[in-house]
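Presented as structure tokens, the chain that follows is alone, the form predicted on its own.
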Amino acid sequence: MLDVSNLSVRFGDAYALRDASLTVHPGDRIGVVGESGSGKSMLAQALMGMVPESASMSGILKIDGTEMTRATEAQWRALRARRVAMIFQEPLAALNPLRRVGTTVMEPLRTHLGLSRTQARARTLDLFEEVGLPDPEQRLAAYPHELSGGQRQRVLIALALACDPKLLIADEPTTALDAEVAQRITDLLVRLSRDRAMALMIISHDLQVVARATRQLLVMYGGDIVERGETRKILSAPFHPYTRGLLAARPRPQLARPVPGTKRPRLPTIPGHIPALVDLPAGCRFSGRCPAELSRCRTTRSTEFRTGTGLAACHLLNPAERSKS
């Protein structure tokens, strides 16, 4: 249902997203991970036709066979909510504080599906029940500040599901939620994907969420997809140096509870930080921070090479390069 090839988002000469390619089928569950500024949310915005007005988008973006890269806002409005929907990062920012949440969820039902107020209200109640909101009838009249963080997130999920989309993009859906609530929200998204045969894309910093909810994984850095493949395989045996750095930096129980009498080991980190868009290297975006950097990495972009877990864009995987070592 979604076919993306060499999709780029550019601000002048600076690329926030560079030549992204992926295919999404009904029922797929895809995770997107990377540091802040790696291009995850820009990818989501591009798939929703919501890139900033100051940006230019190029490449191929097909939704149900329709090319959308140069689509008008009217064409995007016809697809949003009905084909592709998104759960935004912060519920309090995404929900209008002056509107009851029931009214908010009813709006796309009336706008896109042409339901009457009575029909939209009944459908909203069904959605609230489907996403597990307690006392759905009472919640219809609630304002966002009257709900807990988990309840607000469920309202956003109901809003995104209102018009039965074929792809749901969840941008940091468990941010600011405690561990138990985050697990419930994650499991809810997986169940909804299965029950509706709906593709799900989860963008997250939380590798546990991604491991629990997705089957395919995209690792992004500096606007590039640097590694892709099966989630469980990449998380157990990453190939790209950046992916290895991300996994090494995960908090682990043994670091929090050291052996008595021993010094607590330091959590590994990736040195440096993602440069500004205008300062990103022309070649591998990770050059300058990579512990295994080659001379060509900064100037020459690597193609994707097949690995035991999928594909990774790294010169170290080039057979010609490996034959030198």
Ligand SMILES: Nc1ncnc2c1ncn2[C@@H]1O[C@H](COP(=O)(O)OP(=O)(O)OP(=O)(O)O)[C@@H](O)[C@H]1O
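Here the structure is a predicted model, which is why all the values come from computation and not from measurement. Note that residue numbering begins at 1 and tracks the sequence as displayed.
The next section is about a form of this same protein that is not shown, the form predicted in complex with the ligand.
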Exercise. Heavy atoms within 4.5 Å of the ligand in the model of the complex: which stretch among 49-57, 65-73, 22-30, 283-291?
Worked result: 49-57
For this session: Please state whether all three residues 239, 314 and 319 have a non-hydrogen atom within 4.5 angstroms of the ligand in the model of the complex.
Result: no
Exercise. Is residue 205 one of the residues lying within 4.5 Å of the ligand in the model of the complex, judged by heavy atom distances?
Worked result: yes
Exercise. Is residue 305 close enough to the ligand in the model of the complex to count, meaning some heavy atom within 4.5 Å?
Worked result: no
For this session: Examine residue 299 and determine whether its closest non-hydrogen atom to the ligand in the model of the complex is within 4.5 angstroms.
Result: no
For this session: Flag residue 295 as yes or no: does it have a non-hydrogen atom within 4.5 angstroms of any non-hydrogen atom of the ligand in the model of the complex?
Result: no
Exercise. Along 33-49, which positions have a non-hydrogen atom within 4.5 Å of the ligand in the model of the complex?
Worked result: 35, 36, 37, 38, 39, 40, 41, 42
